[in-house]
Structure formats: C-alpha cells, structure tokens
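A single chain comes next, written as structure tokens; it is the form predicted alone.
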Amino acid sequence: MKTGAFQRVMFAIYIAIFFLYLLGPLAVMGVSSFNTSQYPQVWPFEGFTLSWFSDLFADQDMMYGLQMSVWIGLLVVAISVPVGLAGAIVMTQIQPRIRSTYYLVVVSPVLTPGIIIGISTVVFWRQFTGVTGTRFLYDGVVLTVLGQASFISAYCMLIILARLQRFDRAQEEAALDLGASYPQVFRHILLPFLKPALFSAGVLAFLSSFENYNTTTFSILADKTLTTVLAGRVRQGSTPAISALAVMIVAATLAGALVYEVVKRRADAAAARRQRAAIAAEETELSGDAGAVLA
C-alpha cells in the first residue's frame, strides 16, 4: 500500500474511533430508551416503546429535581453574568502591574475542587446567617445558587473578557467627546457590542449549573436537584427512564444550539447588508462630490 493511501486509511480509522468514543454512549442511551427491556440495553432489541418517557413524566421526584435544577440555573445566570461582566470590565481598566494578581484572584474559584466550594459555602453561610440573624437565608436553594455562582462567574468573565479585548476604545472616546455620559456609552455602545458574549456566558452558566454535582451535593442540604436525584437512582440501578431523560436533554441542547446558530447567521447577514449599504452610500456621495467639482 502506498504511503498516501496508508495515511488516508489510518486517518479514517482514527476518525471512526474518535466518533465512536464520543457518540457511542449517547447512541446506546438513545436506543435503550426505546427498547421495551427493563434494563438499559441495545441488544437484544425486544421491541419499540415510548412508555419510558411517560414513566419519566410520572416520576414526581425526577420532575421536582428537574424543576429545581432549571430554577437554580436561572438564578445562577442572573448572578454570574453581571458579576462576570463587572469582573471583565475591571480587568481592562486596572493598572497593568496588578492585572496578573487580579486575574489570579478572580480565576482561582475555577481551580478549586467543587467539594471544597460546597463544604466551605455551607460552613461560611451557616456562621454568617447565625451571626446576622438571617437564618432564613440558610436554605438549600440559596446556598446552591451562591456556591455555584462563586465559580461559574469566573467562566462568564473569561468569555466576556475575550470579546471585550476586541473592543475599539475609540468608539467610547468619540461618544464622550460628543457629550454622551458614561451610562449612555455603556448602554448604547458597550452592551450591544458584548451582546453575543453575554448570551454565550448565560448559556454556559445555565448548563454548568444544570449539570453540576460536586458543589450541589453539599450545598443543597435536604433539598434535591436533578443531578442529586439521578445519583441516588443510579446507585440503586439504572433504568431506561434515565436513558429517556438523557435523550430529552440532548435533544433540547441540540435544538437550542441550532436556534442559536440560525439567529447568529441571520444577525451576521443583516450586519453584512448594513455594511454594504453604508459603503455603497459613501461611494455614491463621493462620486457626487467628484462630479460637482468637475462641473
């Protein structure tokens, strides 16, 4: 076999192994969710059924955990994105000699193990609420939101910071020279520029919160989320209803990614049309001025 053909064969084998490793578990779970077998399996395929999906919706603990995970995820987004935005803006404004120290401090929660964050969150807020008389805040949902937001905010900051580094400060200076205030510059110039990064940070924050287990298992206290419910169920043995849940989550994630890509492409196309129209108008104005000079 020639060298070129051998390389193509090896590359094809590598790609096949890579996608088998990546998508194989998802394919097995997807097929097992439609198999009538009482145990999650692909072969033998005993018959097609949708009963595992109806069993999933009838499972009160699973539905309650799902609702709590969604609710906690939305609260984490509401905290993490503004905190990440503020951290990114401060990063670009502080003096360069302390920037590396500031960066190390704000990113350190990402490097901390989740179980440490969960335990420290419970210990700190138990002491804090006891001393301040705000014991009503010592709640599983509140602690989980605070614990998750403490490190998910760093993820959001990194995403927003990457976008912010491409921002042209001359736009801000031009707006300020024309009489705009700092809040107006922030609202009408900076926020529209950061909108894609803010959306990406919000999606990442929600997904990170939704699938988090290490921190949640300590901070949720007597309450429960979807991940803690699933962990308890798996210890007792997996069922095809869990496969059905995985199929629904993967389908929802793919649908969200597809919608985001469509919206992004339409926005890019609209921006390109506006840019072409501006260039055409500028060229028309220049040719008109040239004609007037020649006349």
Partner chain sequence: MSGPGGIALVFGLPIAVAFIFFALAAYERRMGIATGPGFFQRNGMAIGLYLVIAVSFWAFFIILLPQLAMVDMSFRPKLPPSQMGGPKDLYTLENYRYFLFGSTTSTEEWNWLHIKAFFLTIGASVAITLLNFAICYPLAFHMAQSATAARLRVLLLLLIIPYWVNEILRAFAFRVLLSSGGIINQMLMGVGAVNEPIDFLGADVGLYMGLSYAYLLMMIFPLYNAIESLDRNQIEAARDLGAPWWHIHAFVVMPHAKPGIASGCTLVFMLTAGALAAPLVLGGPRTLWFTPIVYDRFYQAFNWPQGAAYAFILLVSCIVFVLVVLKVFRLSLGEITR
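Please read these numbers as outputs of a predicted model, since none were measured by experiment. Numbering follows the first chain given and starts at 1. C-alpha atoms forming the largest set that superposes within 1.5 Å between two forms make up the rigid core.
There is another form of this protein, the form predicted together with its partner chain, and it is not shown here; the text below is about that form.
Student: Can you pick the one in 162, 105, 174, 137 that has a heavy atom within 4.5 Å of its partner chain in the model of the complex?
Tutor: Here the answer is residue option 105.
Student: Within 4.5 Å, heavy atoms only, which of 257, 58, 267, 50 is in contact with its partner chain in the model of the complex?
Tutor: If I apply the 4.5 Å criterion carefully, the residue I get is 257.
Student: Indicate whether residue 206 is a 4.5 Å heavy atom neighbour of its partner chain in the model of the complex.
Tutor: Residue 206: no contact with its partner chain in the model of the complex.
Student: So, residue 192 and its partner chain: in the model of the complex, are they within 4.5 Å at any heavy atom pair?
Tutor: No, residue 192 sits far enough from its partner chain in the model of the complex that none of its heavy atoms falls within 4.5 Å.
Student: I'd like to know if residue 154 sits close to its partner chain in the model of the complex, meaning any non-hydrogen atom pair within 4.5 angstroms.
Tutor: Residue-level check for residue 154: yes, a contact with its partner chain.
Student: Should residue 71 be counted as a contact of its partner chain in the model of the complex, where contact means heavy atoms within 4.5 Å?
Tutor: Residue 71: no, not in contact with its partner chain in the model of the complex.
Student: Among 7, 40 and 116, does every residue place a heavy atom within 4.5 Å of its partner chain in the model of the complex?
Tutor: Yes, the whole candidate spot contacts its partner chain.
Student: Listed by sequence position, which residues of 146-172 have a non-hydrogen atom within 4.5 angstroms of its partner chain in the model of the complex?
Tutor: Contacting residues: 146, 149, 150, 153, 154, 157, 169.
Student: Honestly, after the rigid core fit, is residue 13 moving at least 2 Å at Cα between this form and the one not shown?
Tutor: Shift of 2 Å or more: yes.
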